[in-house]
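The form predicted alone is given below as one chain in structure tokens.
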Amino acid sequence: MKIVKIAGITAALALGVAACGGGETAEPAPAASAAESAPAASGPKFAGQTLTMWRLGDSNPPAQAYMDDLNAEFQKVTGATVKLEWIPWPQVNDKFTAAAAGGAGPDVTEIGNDQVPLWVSQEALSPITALTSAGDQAQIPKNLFGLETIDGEVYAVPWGAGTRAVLYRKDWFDELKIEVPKTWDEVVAAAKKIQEEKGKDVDGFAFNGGSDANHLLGAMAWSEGGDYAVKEGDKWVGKLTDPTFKAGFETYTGLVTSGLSGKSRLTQNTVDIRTRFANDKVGMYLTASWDIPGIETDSKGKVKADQLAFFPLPAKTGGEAPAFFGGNDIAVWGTTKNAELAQEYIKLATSKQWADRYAKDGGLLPVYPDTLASLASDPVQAPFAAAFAKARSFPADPNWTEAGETKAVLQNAARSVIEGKASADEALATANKELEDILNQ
């Protein structure tokens, strides 16, 4: 199952927006000198050594070029070579689980920031606290380390951030004279017109019912004022049966029951949707700009970036829906036999130069405040910067992955409703109990 990329603390990446839950805006630390930012290792010290690095997802030309350049620079300054392995999203949980159980793991890995508590609880990550208090890394806002800091120790460094918006076929909108939707009713109307003109086998607005389904469901539930669960004392209390969550849930399942998305594709995730989008079978879907290189590849160059654009997901209640957002971290794997070299790699990769490029090449938002501020006028990134103002997160609990992905609690609830096996009230009551049991175990 795909590791979800979210972070409840990352809202401070917004241009001046306060952190979710904390109400305080991050204060970046003073800039470090060039000497402090440079990797401390020397070539002779690590010459001849090899470091294994895991990147998550499928490679694409910009990402591969970034890694080639980063690894060449690392070899130049340390003398060590890098063995890079790309882990496809469907294999990530299995690979991490096997490595944590004593299998062959990496020295350094990319990791979704909401996954840090889970893998720390499995003793799979090594603390790297000292690395974050000096050099360029000291400029990264401290509240971006909320999910990365456990019992006073830091276990990962933010590398890039992201949120979601609606990706649409701009060329189709132009052809069919569809205005960019600003309300949910306009989204529905646009989706229906796309289907009328492009065929009923086309998803006007694609339903995501796969491993990352809660990106879409969450936005719809949050827009109604709903939430998954809240912490009361030391116990999680599920909120799936609240009328507000139910309202968003019904908008979500309505994508299929109203015919905007095909009933035969109830388990498709973002990767599946992206592939269909690249093959002219989807008009709109919720994702991030990192999908664009994949679309160009999947379509064999037939669908290009200039045919695509984004708009913020409108809330059914009016205005913009709160966006799911998160980020990618980089961490030292707990069983590495060369922790010092691994930390040198993270120090280089998360320096301002390389972290800014990682975000830019990957369609992510940068973690360095001055670079982020410059995106306010960027036509591609502006919808995502705007989405930060209302961004929300899933329950910050190590067991969320089990509920949200492995056991697919909400996905199963949605399918039972769409397939007519249960009412929304029945499905959500069952899901609420299961969610509480998982989060509180």
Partner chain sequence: MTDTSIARRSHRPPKKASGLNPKYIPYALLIPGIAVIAALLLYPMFQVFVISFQKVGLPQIRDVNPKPAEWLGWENYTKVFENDIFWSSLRNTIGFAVITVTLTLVVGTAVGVLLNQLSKRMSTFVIVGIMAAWAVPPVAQGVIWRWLFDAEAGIINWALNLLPDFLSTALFGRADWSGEPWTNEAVSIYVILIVMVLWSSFPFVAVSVLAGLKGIPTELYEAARVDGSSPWRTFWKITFPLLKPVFAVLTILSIIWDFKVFSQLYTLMNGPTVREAFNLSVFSFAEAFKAPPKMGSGAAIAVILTIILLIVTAFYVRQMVKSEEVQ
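Numbering follows the first chain given and starts at 1. This structure is a prediction, so every number in the text was calculated from the model and none was measured.
Missing here is the form predicted in complex with the partner chain; even so, the following discussion is about that form.
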property	result
Non-hydrogen atom within 4.5 Å of the partner chain in the predicted bound form for each of 225, 300 and 304	no
Listed residue (246, 169, 276, 316) with a non-hydrogen atom within 4.5 angstroms of the partner chain in the predicted bound form	276
Selected contact from 142, 265, 352, 198, since only one has a non-hydrogen atom within 4.5 angstroms of the partner chain in the predicted bound form	265
Region of this chain that lies against the partner chain in the predicted bound form, out of 184-192, 226-234, 97-105, 367-375 [heavy atom, 4.5 Å]	97-105
Residue 402, heavy atom within 4.5 angstroms of the partner chain in the predicted bound form	yes
Contact flag, residue 436 vs the partner chain in the predicted bound form, heavy atom cut 4.5 Å	no
Heavy atom of residue 341 within 4.5 Å of the partner chain in the predicted bound form	no
Contact of residue 118 with the partner chain in the predicted bound form (heavy atom, 4.5 Å)	yes
Sequence-ordered list of residues in 70-84 near the partner chain in the predicted bound form, where near means a heavy atom within 4.5 Å	none
